[in-house]
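As structure tokens, one chain now follows by itself in the form predicted on its own.
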Amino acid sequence: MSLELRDIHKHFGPVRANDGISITVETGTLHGLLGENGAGKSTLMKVLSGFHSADSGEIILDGKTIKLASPVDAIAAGIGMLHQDPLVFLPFSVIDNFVLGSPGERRLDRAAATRELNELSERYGFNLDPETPARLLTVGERQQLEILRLLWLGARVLILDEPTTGISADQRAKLFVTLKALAKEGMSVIFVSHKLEEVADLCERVTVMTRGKVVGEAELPVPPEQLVEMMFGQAIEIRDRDQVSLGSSHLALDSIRTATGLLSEEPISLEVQAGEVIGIAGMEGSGQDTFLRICCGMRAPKEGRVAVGGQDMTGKHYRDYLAADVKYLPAGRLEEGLIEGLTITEHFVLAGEDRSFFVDWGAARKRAVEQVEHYTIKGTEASTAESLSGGNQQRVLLAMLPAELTVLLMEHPTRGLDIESADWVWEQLLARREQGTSILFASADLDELLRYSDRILVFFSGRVIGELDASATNVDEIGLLIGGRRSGTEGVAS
């Protein structure tokens, strides 16, 4: 299917998310849509997939103008979208999710649907058990399920919105093989990303967006510097951190074990000094999140002791850790960090130290306006949390941090962020470090771990399998440990 978006406009109040966008996607091609966070990429694709209605403009499919009032209209026209968070119902089985939205009679031939699922899975090299509960699937497997469902429903234009966020390198490689196969079969694939290297590896043509407008197009390959300049208007130089002198002990863990059994085989002892940055590596579910929550009082250790600044915090609550200037930023910015439906102003009220009965809304709005400007948040003080891009949600979370911090704990601080936003986040974090804040962060980005950490803890199967000096290690050594192997050995570490 040939596809043309012509002069698409979409506004949300004063925000021009899409401001006269025109794009043509040829049949059987892999077309990249590249742009920084908040550029309007996801909004445009939601217009194309029927989740939003354009204020004006045309969608032309195979030479005919179509009207899309819902995702049902879009899939009926042959347009399907894989969202950044796959639309999978976790309590349902794989086969139940597969048949969702299927047209036709009320009674569904479940056996026939199972055969279709198995045939599609085999065709694209997936391994999905129809009866497995969806909650047991990895993010990558949920993506595979959603792709097969969209194909079964008749999608011939497939949109993928930031599909590599939260999946492993192996799952990413398998996804790219699948997308290339679909394009060879005549499907039109639109790959939405802020990652230059992914678009360069996968796509044949790219459209670059900035602030709701198309700022350039190119046939690939092109020098990455050309794409960076289109995205940001200038070359981006990633800053390396300066060396700082480490201070006294800010966080000390002594023989920690958890009640869940995740870290039960070997106790963990760790001392983190003022100004020190500890990176945490490992496959998802290896115990990193439990470890970070123990460090801030959100989980209680089964055994062992926790101290902050020399003060015993064992058995104390998260609010006690907050009082000791320990702060935790979760990976789920909207799910755990922010509150859907509340404005930026209301978030600053909740995060503020004023606990009086009456709220000074004038002062709160003034502070929100100042913070929106200072942290270059693309929104207004009246913007709701869910209306912001992932990068701007992260900026709000950082803007709400108290002025004084002893320990800052984070999960995936730059996941889903473009180059400029990720660099900006680390500029703020390193400034905190220079003030003496100790930082512990979990990340799946090995280059990020190497660039910003003093030490790296590698988790495997619920325990720390290695502690590395970041200045004396490399990606290969970290990768071996993440897989449970030690350098120079073949067996899995026990």
Partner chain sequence: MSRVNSVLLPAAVVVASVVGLLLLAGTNPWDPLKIIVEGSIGWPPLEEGAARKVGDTFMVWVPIALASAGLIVTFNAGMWNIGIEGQIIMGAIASAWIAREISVSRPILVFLVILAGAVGGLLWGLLVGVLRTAGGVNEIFGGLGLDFVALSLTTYLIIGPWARSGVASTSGTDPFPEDSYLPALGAIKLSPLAVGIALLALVGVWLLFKGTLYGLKLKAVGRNRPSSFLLGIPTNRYLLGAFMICGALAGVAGTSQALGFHQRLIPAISGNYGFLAILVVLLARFRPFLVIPISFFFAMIAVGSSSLQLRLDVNPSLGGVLQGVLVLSAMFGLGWAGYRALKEMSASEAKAGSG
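None of the values given here were measured: they were computed from a predicted structure. Numbering follows the first chain given and starts at 1.
Not pictured, yet referred to below: the form predicted together with its partner chain.
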4.5 Å heavy atom contact, P91 to its partner chain in the model of the complex | no
Does at least one non-hydrogen atom of R415 fall within 4.5 angstroms of its partner chain in the model of the complex?
-> no
Does at least one non-hydrogen atom of D354 fall within 4.5 angstroms of its partner chain in the model of the complex?
-> yes
Would R205 count as touching its partner chain in the model of the complex under a 4.5 Å heavy atom rule?
-> no
From the list I294, L150, L338, V157, which entry has a heavy atom within 4.5 Å of its partner chain in the model of the complex?
-> L338
Though its partner chain is not shown, can you say which of A300, L253, L334, A113 has a heavy atom within 4.5 Å of it in the model of the complex?
-> L334
Could you tell me which stretch in 170 to 178, 416 to 424, 318 to 326, 67 to 75 has residues with non-hydrogen atoms within 4.5 Å of its partner chain in the model of the complex?
-> 318 to 326
